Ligand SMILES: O=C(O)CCC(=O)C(=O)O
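Take a look at this single chain in structure tokens; it is the form predicted alone.
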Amino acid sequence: MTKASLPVLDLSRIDGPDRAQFLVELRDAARNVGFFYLVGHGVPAELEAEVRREANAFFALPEKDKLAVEMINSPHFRGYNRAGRELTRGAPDWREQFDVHAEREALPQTPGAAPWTRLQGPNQWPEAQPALRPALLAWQAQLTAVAIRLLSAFAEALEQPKDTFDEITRDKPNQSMKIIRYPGRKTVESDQGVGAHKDSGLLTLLIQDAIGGLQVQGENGWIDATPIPGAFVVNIGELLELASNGYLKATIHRVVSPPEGRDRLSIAFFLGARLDAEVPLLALPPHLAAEATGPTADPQNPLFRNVGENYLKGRLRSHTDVAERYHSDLLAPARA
């Protein structure tokens, strides 16, 4: 199945005469594969080119400029990580990356405040590259609009009101993104660019360069998500799997490191629900509910309907250095 390909969906069809057929194809892609390419999304190619330029420029900065915004400086899990510092299933991912979230002030840490409130706070930005901030925040705004539009389409595809997900995304959705550089590795080394995992939010939108490496787990093996210029790779997150009682599938995927002497660039945007939200359980019509067998049960990755709790669990596990420096009081229950 490695020669299989992901479905390609054109978002502009949502406003055309075959809208109903588009919704059927969207639902089928999300249920049967959990991944698809999205074209016709309306994001300006000029902005994509700018974001790619700024991402490459960031990774070309001197190490001291990148380390000045290292994630270990942020209790909110924002900033730069050297290759090997983030973990997936306890193993190091061989990717250099810079994490950005919504630009919001830190929440007051008053007695009794929920632990997830520690996640909200300011981003770090490199002084040596002032153009990075406006480019990434413009990208974040554009992709948030695309993802919200997709969520509305998913609601309709599941025969729900169009505004079904508005309550959990209104005003302060959980917006996060990574610019990522995957260094090439020798064949004798581990090929884990990113270990096999599911995404924790609602939707992920990814752009890649011409070098492949993203793979999606299919029924008979790994499917290569071969780069398509101008297209996003979109996948379903665990929150949509929870909301649909498992009708929609958050699919396991991974990234294989490029060969020695080559680098791979990707830019991932993740839309999640508000941190203070509870994931609803949708009342699916009988013909869909009959095929909803519940979300995947994984003892190593329990899913919580409280969005902030779900997201905090992942941060503590993936960034152990930040967790130990700022959140040591939370580690025992998180690892139990």
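Please read all numbers here as calculations on a predicted model, not as lab measurements. Residue numbers here begin at 1 and follow the sequence given.
Omitted from view is the form predicted together with this ligand, to which the following refers.
S.K.: So which of W139, Y182, F232, F77 reaches within 4.5 angstroms of this ligand in the predicted bound form, heavy atom to heavy atom?
M.R.: Residue within 4.5 Å of the partner: Y182.
S.K.: Among the candidate residues H197, H101, K249, R85, which is the single one with a non-hydrogen atom no more than 4.5 Å from this ligand in the predicted bound form?
M.R.: For this set of options, the contacting one is H197.
S.K.: Given that the partner is absent here, state which listed stretch (102 to 110, 252 to 260, 158 to 166, 144 to 152) has heavy atoms within 4.5 Å of this ligand in the predicted bound form.
M.R.: Contact criterion met by 252 to 260 only.
S.K.: Heavy atom to heavy atom, is F270 within 4.5 Å of this ligand in the predicted bound form?
M.R.: Yes.
S.K.: Answer with yes or no whether K178 is in contact with this ligand in the predicted bound form, where contact means some heavy atom within 4.5 Å.
M.R.: So K178 counts as contacting this ligand.
S.K.: Although this ligand is absent from this view, report whether L214 comes within 4.5 Å of it in the predicted bound form, heavy atoms only.
M.R.: L214: contacts this ligand in the predicted bound form.
S.K.: Tell me, yes or no, whether N81 is in contact with this ligand in the predicted bound form, where a contact means a heavy atom of each within 4.5 Å.
M.R.: Output for N81 is no: heavy atoms all beyond 4.5 Å of this ligand.
S.K.: Mind listing which residues of 255 to 269 have a heavy atom within 4.5 Å of this ligand in the predicted bound form?
M.R.: Stretch hits, in order: V255, R264, S266.
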